[in-house]
Every structure is written in structure tokens, then in C-alpha cells.
Ligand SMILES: N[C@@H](CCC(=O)N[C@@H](CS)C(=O)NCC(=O)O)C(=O)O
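The form predicted on its own is given below as one chain in C-alpha cells.
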Amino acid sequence: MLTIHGLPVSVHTRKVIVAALEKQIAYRNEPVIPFDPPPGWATLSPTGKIPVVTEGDLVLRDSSAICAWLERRQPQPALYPAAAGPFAEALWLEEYADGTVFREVIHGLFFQQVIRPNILKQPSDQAAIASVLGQAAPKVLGYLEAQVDGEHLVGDAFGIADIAVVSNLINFHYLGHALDPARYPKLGRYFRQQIRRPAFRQALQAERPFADSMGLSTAFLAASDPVTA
């Protein structure tokens, strides 16, 4: 069976989990915390990052590589557009989510609000948090707001761009932040709609114990009622 190694509340691990759920590919999740990895982790993950996927002798690293492989492994339902133009747009938004959104917003907030106080036993840097929320987040969220023009980010079908972007926005909310409805009305509606999707609902249900144990905020789940309805 496919094994997805990585903490399920990770943006990138969730991305792979949701892709597998959309394609109805059976898997099991082996939670791995990069700051406290299991023996042999350096062999599975030379970078030390999550997720890693194993199936028999096959080992795959990097969420984008894994999702592209899942698409080849089971083409339907497709998560990548067939036409060249929309395909390129989907790849760009996936990369923007994995790179810019994660690195400039989510990673910094998660490090300061969760990793420093809970794992490193250090106080959070409130100035660093304020800088992310005041400078990086408005730029990134403003760009995403401009990309929303319908139910999905690319074309008329749910796909990899939606998975990558929404996975980041989930962690933004887990950290106790929210999308200002006055500044990001389209993005907010889009987010609430997407987390009601069955694959996201199932992923969120499965990771809920981890979110609770880490003290993450789940108020947005009750507000949008995606997992308790």
C-alpha cells in the first residue's frame, strides 16, 4: 500500500493526502516530525523534509513530484488540465503556493507560533510575526484574491492549484488568523467552499487529533462546518 510519510497538518503532506483521496488511492499515513525524525529518515529524505511516499521499493520525495506521479499512476480524475495553457497556469499556482505562500507567510508564522514555543522552547518573536502579517501576507493574499474568478482557480474543474493553495490557507487559519472579508471577499468565499469538498473534509477529520494536540485553532472548521456537519 502507498505510505505517505509526514505530519498530516503539514501543508505539503496534506497536499499529497488530498490528491490521493481525490483519486481514491488507498494509503496509510506515517506521521513524521522533521524536528524529531525516526531512524533512517535521512535515507528516505536526503533533505530532511516531508512528505516522502513509499510503495514497495519506490521512494518519492517532494509534494509536487509525488502529485505528478499520482497523476500518471491514476490519470482519472485528472488534477492537471490537459490543455497546454491551463496546465502551465496550474503549475504556476502550485509553485506559487508551495514556494511564495508557504515560505513567505505560512512557514514563518508556523515557526514562530508553534515550533519555537513548543519544540525549541523559545519565546515567539512577536516582531517577526507582525512583519509577516503586516507586509508579506497582504501581498500574497492580495495576489490570490485576484486569481479567484469562479469555483476553481484554473478552468472549471478542481485541481492541483486548488489543493496547493487551500492547503496553505488551512494552516493560516490553524494559526488563528483569518481572511479579512473586506480585503479578500472572493478568496474567503472560495476557501470556505473548498474545505467543504469531501477530500478536504476527510483529510481534516483525520488530522484533527494532531491539530488539537498541537494547540492549533480549529474555530474556522466550526464556522464553515466542513467536518462536523
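These numbers were taken from a predicted model, which means no experiment stands behind them. Numbering starts at 1 and follows the sequence shown.
Quick note: we don't show the form predicted in complex with this ligand, though the next part is all about it.
Shown alone here, Gln202 lies farther than 4.5 Å from this ligand in the predicted bound form, counting heavy atoms only. This ligand is not shown here, and in the predicted bound form it never comes within 4.5 Å of any heavy atom of Val53. Using a 4.5 Å cutoff between non-hydrogen atoms, Lys49 counts as a contact of this ligand in the predicted bound form. Among residues of the shown chain, Arg72 is not one whose heavy atoms approach this ligand to within 4.5 Å in the predicted bound form. The chain is drawn here without this ligand; in the predicted bound form, the stretch among 80-88, 101-109, 129-137, 116-124 whose residues come within 4.5 Å of it by any heavy atom is 101-109.
With the partner omitted here, the residue from Gly176, Pro34, Pro31, Pro185 that has a non-hydrogen atom within 4.5 angstroms of this ligand in the predicted bound form is Pro34. Only one of Val11, Leu216, Ala20, Leu221 comes within 4.5 Å of this ligand in the predicted bound form through a heavy atom, and that residue is Val11. Residues of 54-83 placing a heavy atom within 4.5 Å of this ligand in the predicted bound form, in sequence order: Asp62, Ser63, Ser64.
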